[in-house]
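Single chain ahead, written as C-alpha coordinates, the form predicted on its own.
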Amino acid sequence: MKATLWGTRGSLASAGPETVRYGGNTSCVEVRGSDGTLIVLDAGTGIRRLGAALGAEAPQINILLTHLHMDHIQGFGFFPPLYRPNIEVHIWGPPSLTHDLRTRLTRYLSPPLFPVRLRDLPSRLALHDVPLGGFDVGGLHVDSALVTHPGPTVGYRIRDNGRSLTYIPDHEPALGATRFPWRSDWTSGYAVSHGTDLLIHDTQYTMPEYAEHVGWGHSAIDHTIAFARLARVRRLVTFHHDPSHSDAELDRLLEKAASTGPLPFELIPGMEGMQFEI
(Lines give C-alpha, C1' and ligand atoms only; values in the text may rest on other atoms or scores of the structure.)
Protein backbone atom coordinates (compact mmCIF):
# COMPACT_ATOMS: atom_id res chain seq x y z
CA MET A 1 0.00 0.00 0.00
CA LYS A 2 1.24 3.46 -0.91
CA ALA A 3 0.02 6.91 0.21
CA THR A 4 0.65 10.28 -1.45
CA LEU A 5 -0.13 13.65 0.15
CA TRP A 6 -1.77 16.06 -2.32
CA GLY A 7 -3.01 18.67 0.15
CA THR A 8 -2.06 19.21 3.79
CA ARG A 9 -3.58 22.57 4.89
CA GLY A 10 -6.60 23.30 7.05
CA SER A 11 -7.70 25.95 4.56
CA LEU A 12 -5.98 27.64 1.65
CA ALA A 13 -2.60 28.89 2.87
CA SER A 14 -2.40 32.59 3.65
CA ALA A 15 1.23 32.72 4.74
CA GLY A 16 2.41 33.81 1.29
CA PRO A 17 5.41 32.41 -0.59
CA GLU A 18 6.82 31.02 2.68
CA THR A 19 4.49 27.99 2.30
CA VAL A 20 6.28 26.38 -0.63
CA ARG A 21 7.69 23.29 1.09
CA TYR A 22 4.64 22.32 3.17
CA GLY A 23 2.24 23.32 0.41
CA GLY A 24 -0.89 25.43 0.24
CA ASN A 25 -3.67 23.03 -0.85
CA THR A 26 -6.35 21.63 1.42
CA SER A 27 -6.81 18.02 2.50
CA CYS A 28 -6.41 15.24 -0.04
CA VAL A 29 -4.51 11.94 0.23
CA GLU A 30 -4.20 9.23 -2.43
CA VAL A 31 -4.00 5.60 -1.26
CA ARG A 32 -3.07 2.75 -3.62
CA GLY A 33 -3.61 -0.82 -2.59
CA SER A 34 -1.27 -3.62 -3.59
CA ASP A 35 -3.96 -4.80 -6.04
CA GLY A 36 -4.29 -1.33 -7.62
CA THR A 37 -7.40 -0.23 -5.73
CA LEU A 38 -7.50 3.58 -5.62
CA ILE A 39 -8.91 5.42 -2.61
CA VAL A 40 -8.92 9.22 -2.34
CA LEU A 41 -9.23 10.55 1.19
CA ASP A 42 -11.08 13.90 1.09
CA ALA A 43 -11.59 16.23 -1.86
CA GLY A 44 -9.87 19.45 -0.85
CA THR A 45 -8.09 21.59 -3.43
CA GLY A 46 -5.27 19.04 -3.59
CA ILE A 47 -7.57 16.70 -5.53
CA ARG A 48 -7.13 18.90 -8.62
CA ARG A 49 -3.42 18.03 -8.73
CA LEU A 50 -4.22 14.36 -8.16
CA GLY A 51 -6.71 14.40 -11.05
CA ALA A 52 -4.10 15.87 -13.37
CA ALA A 53 -1.61 13.19 -12.32
CA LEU A 54 -4.11 10.37 -12.92
CA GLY A 55 -4.62 11.26 -16.56
CA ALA A 56 -7.04 8.86 -18.25
CA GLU A 57 -6.24 5.87 -16.05
CA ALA A 58 -8.15 4.45 -13.06
CA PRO A 59 -11.50 3.18 -14.40
CA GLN A 60 -12.82 3.23 -10.79
CA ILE A 61 -12.12 5.83 -8.13
CA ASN A 62 -13.32 5.72 -4.53
CA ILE A 63 -13.50 9.03 -2.64
CA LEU A 64 -13.87 8.73 1.13
CA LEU A 65 -14.90 11.99 2.80
CA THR A 66 -14.21 12.51 6.49
CA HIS A 67 -16.83 15.29 6.64
CA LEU A 68 -18.38 17.97 4.46
CA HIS A 69 -16.71 21.18 5.63
CA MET A 70 -15.74 23.30 2.64
CA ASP A 71 -11.96 22.81 2.88
CA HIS A 72 -12.53 19.05 2.44
CA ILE A 73 -14.83 19.21 -0.60
CA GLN A 74 -13.90 22.43 -2.42
CA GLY A 75 -11.78 20.60 -4.99
CA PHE A 76 -14.64 18.37 -6.20
CA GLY A 77 -15.68 20.50 -9.14
CA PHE A 78 -12.10 20.66 -10.41
CA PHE A 79 -11.45 16.90 -10.39
CA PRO A 80 -11.14 15.89 -14.08
CA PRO A 81 -12.30 12.24 -13.70
CA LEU A 82 -15.78 13.46 -12.73
CA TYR A 83 -16.19 14.73 -16.28
CA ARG A 84 -15.28 11.45 -18.01
CA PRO A 85 -18.23 9.16 -18.84
CA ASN A 86 -16.08 6.02 -18.85
CA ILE A 87 -15.01 6.39 -15.21
CA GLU A 88 -16.91 4.95 -12.24
CA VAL A 89 -16.66 7.21 -9.18
CA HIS A 90 -17.90 6.12 -5.74
CA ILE A 91 -18.20 8.83 -3.10
CA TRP A 92 -18.50 7.80 0.55
CA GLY A 93 -19.49 10.32 3.22
CA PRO A 94 -20.56 10.38 6.87
CA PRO A 95 -24.24 9.56 7.47
CA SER A 96 -26.60 12.29 8.62
CA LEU A 97 -29.97 12.16 10.38
CA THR A 98 -31.31 15.08 8.33
CA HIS A 99 -30.21 14.86 4.67
CA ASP A 100 -28.64 12.21 2.46
CA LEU A 101 -25.15 12.64 1.01
CA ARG A 102 -26.40 13.68 -2.44
CA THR A 103 -28.51 16.48 -1.00
CA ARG A 104 -25.64 17.81 1.09
CA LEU A 105 -23.09 17.73 -1.74
CA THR A 106 -25.57 19.35 -4.11
CA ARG A 107 -25.56 22.45 -1.92
CA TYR A 108 -22.01 23.05 -3.15
CA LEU A 109 -22.12 21.51 -6.63
CA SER A 110 -24.92 23.70 -7.97
CA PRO A 111 -25.41 27.38 -8.88
CA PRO A 112 -24.64 29.94 -7.60
CA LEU A 113 -21.67 28.31 -5.83
CA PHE A 114 -20.66 26.15 -8.81
CA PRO A 115 -21.87 26.21 -12.44
CA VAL A 116 -22.13 22.42 -12.88
CA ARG A 117 -24.74 20.50 -10.92
CA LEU A 118 -23.84 17.20 -9.28
CA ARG A 119 -26.61 15.48 -11.26
CA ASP A 120 -25.11 16.69 -14.56
CA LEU A 121 -21.64 15.20 -14.09
CA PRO A 122 -21.03 12.69 -16.91
CA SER A 123 -19.06 10.15 -14.87
CA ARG A 124 -20.83 7.07 -13.51
CA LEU A 125 -21.39 8.44 -10.04
CA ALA A 126 -22.52 6.48 -6.98
CA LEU A 127 -22.95 7.97 -3.49
CA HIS A 128 -22.86 5.98 -0.26
CA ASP A 129 -23.24 6.62 3.45
CA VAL A 130 -20.16 5.32 5.26
CA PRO A 131 -21.03 2.14 7.20
CA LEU A 132 -19.64 2.79 10.66
CA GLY A 133 -17.56 -0.22 11.62
CA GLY A 134 -15.98 -1.83 8.58
CA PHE A 135 -16.43 -2.32 4.84
CA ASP A 136 -14.39 -3.35 1.80
CA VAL A 137 -13.33 -1.15 -1.10
CA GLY A 138 -11.79 -3.30 -3.81
CA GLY A 139 -8.96 -5.26 -2.20
CA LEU A 140 -8.73 -2.87 0.75
CA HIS A 141 -10.56 -3.13 4.08
CA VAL A 142 -11.70 0.13 5.66
CA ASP A 143 -12.52 0.60 9.36
CA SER A 144 -14.47 3.75 10.16
CA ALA A 145 -15.55 5.53 13.34
CA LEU A 146 -17.03 8.87 14.30
CA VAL A 147 -14.48 11.24 15.84
CA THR A 148 -14.64 14.49 17.77
CA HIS A 149 -15.17 17.37 15.33
CA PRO A 150 -18.20 19.63 14.70
CA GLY A 151 -20.75 17.87 12.50
CA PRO A 152 -20.67 14.17 11.53
CA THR A 153 -16.97 13.37 11.03
CA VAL A 154 -15.35 10.02 10.32
CA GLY A 155 -11.83 8.73 10.94
CA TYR A 156 -10.60 5.97 8.61
CA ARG A 157 -8.21 3.06 8.95
CA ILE A 158 -7.27 1.33 5.68
CA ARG A 159 -5.80 -2.18 5.80
CA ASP A 160 -3.83 -4.03 3.13
CA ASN A 161 -1.84 -7.25 3.59
CA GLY A 162 -1.46 -6.82 7.33
CA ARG A 163 -0.44 -3.14 7.12
CA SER A 164 -2.58 -0.14 8.00
CA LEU A 165 -2.90 3.60 7.48
CA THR A 166 -5.11 5.81 9.66
CA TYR A 167 -6.39 9.18 8.49
CA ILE A 168 -7.94 11.66 10.95
CA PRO A 169 -7.31 15.15 9.55
CA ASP A 170 -9.79 17.07 11.75
CA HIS A 171 -9.83 15.85 15.33
CA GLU A 172 -9.88 17.13 18.90
CA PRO A 173 -9.29 14.16 21.20
CA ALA A 174 -8.22 16.45 24.07
CA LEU A 175 -11.39 18.62 23.92
CA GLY A 176 -10.15 21.07 26.55
CA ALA A 177 -8.87 18.48 29.01
CA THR A 178 -6.16 19.61 31.41
CA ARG A 179 -4.50 16.18 31.34
CA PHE A 180 -3.87 13.97 28.36
CA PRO A 181 -3.91 11.08 27.55
CA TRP A 182 -6.78 9.42 29.35
CA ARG A 183 -8.14 5.90 29.25
CA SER A 184 -7.76 4.42 25.80
CA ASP A 185 -11.17 2.74 25.70
CA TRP A 186 -13.09 6.02 25.41
CA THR A 187 -10.61 8.36 23.71
CA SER A 188 -11.96 9.59 20.37
CA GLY A 189 -10.18 7.98 17.42
CA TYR A 190 -8.35 5.35 19.47
CA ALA A 191 -10.05 2.31 17.93
CA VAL A 192 -9.07 3.20 14.35
CA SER A 193 -5.57 4.34 15.36
CA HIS A 194 -4.26 1.74 17.81
CA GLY A 195 -1.12 0.08 16.48
CA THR A 196 -1.45 1.59 13.02
CA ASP A 197 1.65 1.72 10.83
CA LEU A 198 1.04 5.29 9.65
CA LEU A 199 -1.16 7.90 11.34
CA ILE A 200 -1.98 11.08 9.39
CA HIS A 201 -3.43 13.43 12.01
CA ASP A 202 -4.54 16.99 12.66
CA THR A 203 -1.80 19.24 14.13
CA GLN A 204 -3.31 22.63 13.40
CA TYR A 205 -2.50 24.59 16.55
CA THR A 206 0.26 25.57 18.91
CA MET A 207 -0.72 25.17 22.57
CA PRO A 208 -1.44 28.93 23.02
CA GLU A 209 -3.56 28.87 19.85
CA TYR A 210 -5.45 25.80 21.06
CA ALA A 211 -6.36 27.54 24.33
CA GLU A 212 -8.26 30.10 22.24
CA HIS A 213 -9.97 27.47 20.07
CA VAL A 214 -11.19 24.78 22.47
CA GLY A 215 -14.18 23.04 20.93
CA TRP A 216 -13.31 24.00 17.35
CA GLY A 217 -12.46 20.37 16.57
CA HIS A 218 -8.70 20.59 16.01
CA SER A 219 -5.55 19.51 17.84
CA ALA A 220 -2.46 21.18 19.16
CA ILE A 221 0.65 19.31 18.09
CA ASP A 222 1.33 18.41 21.75
CA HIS A 223 -2.06 16.68 21.97
CA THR A 224 -1.47 14.81 18.73
CA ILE A 225 1.85 13.50 20.01
CA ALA A 226 0.18 12.39 23.25
CA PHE A 227 -2.57 10.72 21.23
CA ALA A 228 -0.02 8.91 19.04
CA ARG A 229 1.75 7.67 22.18
CA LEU A 230 -1.51 6.41 23.62
CA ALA A 231 -2.43 4.66 20.35
CA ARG A 232 1.08 3.18 19.96
CA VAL A 233 1.40 4.14 16.32
CA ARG A 234 4.58 3.46 14.36
CA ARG A 235 4.77 6.68 12.31
CA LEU A 236 2.99 10.01 12.78
CA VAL A 237 2.53 12.45 9.89
CA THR A 238 1.56 16.00 10.86
CA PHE A 239 -1.36 17.32 8.83
CA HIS A 240 -4.05 20.00 8.49
CA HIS A 241 -1.53 22.77 9.07
CA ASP A 242 -2.89 26.17 10.03
CA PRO A 243 -3.12 28.36 6.90
CA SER A 244 -1.25 31.19 8.62
CA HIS A 245 1.75 29.07 9.65
CA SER A 246 4.76 29.55 7.38
CA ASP A 247 7.26 26.83 6.53
CA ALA A 248 9.69 28.30 9.06
CA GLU A 249 7.09 28.27 11.85
CA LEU A 250 6.06 24.69 11.06
CA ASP A 251 9.73 23.70 11.13
CA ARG A 252 10.08 25.28 14.59
CA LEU A 253 6.99 23.49 15.90
CA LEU A 254 8.26 20.12 14.70
CA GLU A 255 11.75 20.73 16.09
CA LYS A 256 10.29 21.70 19.46
CA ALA A 257 8.05 18.63 19.53
CA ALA A 258 10.95 16.33 18.65
CA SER A 259 13.19 17.87 21.30
CA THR A 260 10.91 17.06 24.23
CA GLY A 261 12.49 13.61 24.54
CA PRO A 262 12.68 10.29 22.70
CA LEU A 263 9.45 9.48 20.88
CA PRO A 264 8.21 5.87 20.51
CA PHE A 265 7.30 6.57 16.87
CA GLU A 266 8.76 8.36 13.87
CA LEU A 267 7.56 11.97 13.63
CA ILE A 268 7.23 13.17 10.01
CA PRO A 269 6.27 16.67 8.85
CA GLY A 270 3.47 16.30 6.30
CA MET A 271 4.33 18.08 3.05
CA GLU A 272 2.56 18.04 -0.30
CA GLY A 273 4.02 15.48 -2.69
CA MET A 274 5.30 13.16 0.05
CA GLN A 275 4.90 9.44 -0.59
CA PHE A 276 4.84 6.65 1.96
CA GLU A 277 5.14 2.90 1.58
CA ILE A 278 3.11 1.06 4.18
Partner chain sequence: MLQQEVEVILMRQLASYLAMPIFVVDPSGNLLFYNEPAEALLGRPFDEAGEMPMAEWAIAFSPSDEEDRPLPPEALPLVNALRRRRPAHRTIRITGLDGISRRIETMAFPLVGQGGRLLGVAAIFWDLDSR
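Residue numbers count along the first chain shown, from 1. Given the structure is predicted, the values throughout are model-derived calculations rather than measurements.
Absent from the display: the form predicted in complex with the partner chain. The rest refers to it.
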Which one, 113 to 121, 93 to 101, 202 to 210, 75 to 83, holds residues whose non-hydrogen atoms are within 4.5 Å of the partner chain in the model of the complex? 93 to 101
None of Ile87, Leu146, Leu109, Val137 but one has a heavy atom within 4.5 Å of the partner chain in the model of the complex; the exception is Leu146
I'd like to know whether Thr166 contacts the partner chain in the model of the complex, with contact meaning heavy atoms within 4.5 angstroms. no
At 4.5 Å between heavy atoms, is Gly155 in contact with the partner chain in the model of the complex? no
Given that the partner is absent here, does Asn161 sit within 4.5 Å of the partner chain in the model of the complex, heavy atoms only? no
Is it the case that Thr187, even though its partner is missing from this view, gets within 4.5 Å of the partner chain in the model of the complex, heavy atoms only? yes
Suppose contact means any heavy atom within 4.5 Å; which members of 254 to 278 contact the partner chain in the model of the complex? none
